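Below you will find one chain, with nothing else, as structure tokens; this is the form predicted alone, and questions on how it binds or moves follow later.
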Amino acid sequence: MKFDDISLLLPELVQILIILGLFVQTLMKSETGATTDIGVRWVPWAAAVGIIVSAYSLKTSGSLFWDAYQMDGLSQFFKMAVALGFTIATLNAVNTPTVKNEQRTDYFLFFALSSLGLMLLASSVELITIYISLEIASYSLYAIIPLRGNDPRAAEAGIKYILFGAAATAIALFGLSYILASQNTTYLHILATKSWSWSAAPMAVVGLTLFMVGFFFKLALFPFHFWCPDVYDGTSNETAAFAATLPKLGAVVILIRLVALLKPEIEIVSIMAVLSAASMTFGNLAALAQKDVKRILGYSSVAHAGYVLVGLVAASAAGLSAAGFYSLIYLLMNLTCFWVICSLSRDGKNLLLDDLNGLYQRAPYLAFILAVGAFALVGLPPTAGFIGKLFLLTAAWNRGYNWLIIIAALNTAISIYYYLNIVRHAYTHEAEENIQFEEPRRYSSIWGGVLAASLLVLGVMPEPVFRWMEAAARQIIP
């Protein structure tokens, strides 16, 4: 590989250096088994360098490894989003109370490995490469989801995630074999020239549908969502913040590349429209009955997977760019809410709605940050959630699925109840006098404020980010 080729991989190289640093640190054990007192506080700052490098590489283009690995506007946008999410997730997890000190470096190492897999996924344009990248991103999560002290719910969450994940990836691999058998290639740019209608290539349609299942699982799309609320509930708050956000970026970027092969009127897109409607409806209705804040966000994730598919169903540059833009917004919205959860739960326990009572009095800044995150998830102006949903719905209008837009609008109305219920507990309910609360750390309000500000800024000025995403989407549409 030439030096010029290596320069195409700058975001990945930064992530690999972080992984190597953490790996070396895991080897530096004392006789007692504890790691040396280097700590992991350097990781978020090193990850922030990855954001800068990814931003610098936004205009990078080229291909490597026999054209199986491609750098374009879409891949570089999502690599920057992964670097951003990795930075926030590690900053949030620096003081996680449910991971032992001797495990903390290994914990961050798995975070970094999973993020690297997602970066590889963003540039993969060949089905086998996509599959391998998906597994790299997944295996690390299998290891860290059960890490939550002695809480038995964590073991249950780990088992469910592994079993459902193994089943989903097996189905995806089975679908890949159908695609290869019918279309005789695994390269996306060649597959784009093939027919994907049921009448012309039924085996290819079945294969692509099955291959997408692996990514529907990551997206927590109904009916592949069964793991989602239980895993969020069972794993630690900091791990849930990572698992609830970053893997969805990898799923969306591959679904965008796959949907770019299709036309709006063909059968696979119709299947996706039905799944989108079912996911939105089921996720929102199930969230109405929840009292645990993480379970609310879990079922909310199922609903938001349906919203993302609205943009994909449009199968146009505007729709694909809206889906990519919304996935970035979803990353920030969810991480904002999880930031507040982790800041309040200093002992690592799950928060119930009643635990938010009186938050505006004991931590007014965190109450405001939580309100911004909840309003953004609803889709209220002037937050980025509003403009993200607006882009999705307008992109899909008059593309043959207007009924889906109506269902999405109705589901947004349903979601107002449980999101604003979170804010209601924080602002209108008084905390019980006999309950003692720990004072949140000062930096929690500062960094949480940055997250909340980003949602407001993107809500008011979304055009630069959206236009970049739209240009990236136009590059991949045949």
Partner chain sequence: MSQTTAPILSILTFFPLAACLILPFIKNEKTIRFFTLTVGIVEILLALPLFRFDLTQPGYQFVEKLNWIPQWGLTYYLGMDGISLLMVLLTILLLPLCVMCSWTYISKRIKEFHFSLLMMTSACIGVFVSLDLVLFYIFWEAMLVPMFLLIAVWGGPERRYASVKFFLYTLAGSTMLLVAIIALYKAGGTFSIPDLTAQTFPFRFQFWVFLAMALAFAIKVPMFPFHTWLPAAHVEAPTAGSVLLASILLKMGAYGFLRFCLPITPDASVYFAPMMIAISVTSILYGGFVALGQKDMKKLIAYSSVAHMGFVTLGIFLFTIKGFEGALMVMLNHGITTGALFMLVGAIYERSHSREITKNMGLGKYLPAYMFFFGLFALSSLGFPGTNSFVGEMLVLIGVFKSSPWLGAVVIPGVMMGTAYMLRLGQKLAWGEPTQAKSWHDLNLREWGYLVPLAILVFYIGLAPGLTLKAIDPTLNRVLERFTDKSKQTVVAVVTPTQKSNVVGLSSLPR
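Since the structure is predicted, the reported quantities are computational estimates derived from the model, not experimental observations. Numbering follows the first chain given and starts at 1.
In what follows, reference is made to the form predicted in complex with its partner chain, a form of this protein that is not presented.
Though the partner is left out of this view, residue 152 does not reach within 4.5 Å of its partner chain in the predicted complex, counting heavy atoms only.
Contact annotation for residue 382: at least one heavy atom lies within 4.5 Å of its partner chain in the predicted complex. In the predicted complex, its partner chain stays beyond 4.5 Å of every heavy atom belonging to residue 190. At the 4.5 Å threshold, heavy atoms of residue 60 stay clear of its partner chain in the predicted complex, well away from it. Here the chain stands by itself, but in the predicted complex one stretch of 389-397, 67-75, 276-284, 246-254, 389-397, has heavy atoms within 4.5 Å of its partner chain. Checking 55, 450, 28, 413 against its partner chain in the predicted complex, a heavy atom within 4.5 Å turns up for just one residue: 413.
Proximity to its partner chain in the predicted complex holds for none of 142, 161 and 215, with the criterion being a heavy atom within 4.5 Å.
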